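Okay, here we've got a single chain as structure tokens, the form predicted alone, with questions on binding and movement later.
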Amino acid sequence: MRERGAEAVVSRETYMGRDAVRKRRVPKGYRHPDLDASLNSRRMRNEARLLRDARSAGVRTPIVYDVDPRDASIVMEAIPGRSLKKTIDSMGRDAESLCESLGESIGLLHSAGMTHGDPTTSNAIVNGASVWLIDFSMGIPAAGIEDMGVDVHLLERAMASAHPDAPWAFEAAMRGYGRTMADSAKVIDKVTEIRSRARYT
């Protein structure tokens, strides 16, 4: 399996006998090669660090097996399962507790001072009754309330776009978020402010 996105190529492989995924950032032809290599390497290292730190904070994330700064690639554990997006599409409201788990994971991240950066139901993998977060390429390791508000606002917009007939999905995520994020009220206030900014710009 090999998938190419705008930012990275993801391929399946075996690492020391274990099922693994290699994610390699795509070079950008419009940038100077040296600058491009430096940016890609730094972003890949940042993503690997976020995966590790999120795991330490109690979020289910793939184990990072190897980081190659020269190749701008990460080799990590392959998580079996399907996306939360597909799970909601097939299960409907029976997936409500999984949406709560997604919110809990984002709350744990924020409590530890990090953001995901691209919190969508496509970047959450359902494995049994557990939700795993993947793709931290847009994440921030030292985040403030504004960054966290943007994270939650992105989740709200992503869920509204991907699941327009399931408003309960975001509501469930916010219930879970409130259980694990002590400053959730401050973040929700910030989300309200971000929404009002968007209306007048």
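As the structure is a computational prediction, the values presented were derived from the model and not from experiment. Just count from 1 along the sequence shown to find any residue number.
Keep in mind that the form predicted together with a small molecule is not shown, yet the notes after this line are about it.
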item	value
T87, S73, S101, N123 - the one with a heavy atom within 4.5 Å of the small molecule in the predicted complex	N123
Single option in I140, A48, L155, I134 placed near the small molecule in the predicted complex, where near means a heavy atom within 4.5 Å	I134
Proximity of P62 to the small molecule in the predicted complex, heavy atoms at 4.5 Å	yes
Contact label in the predicted complex: V21 to the small molecule, heavy atom within 4.5 Å	yes
V10 within 4.5 Å of the small molecule in the predicted complex, heavy atoms	yes
Touches the small molecule in the predicted complex: K190 (any heavy atom, 4.5 Å)	no
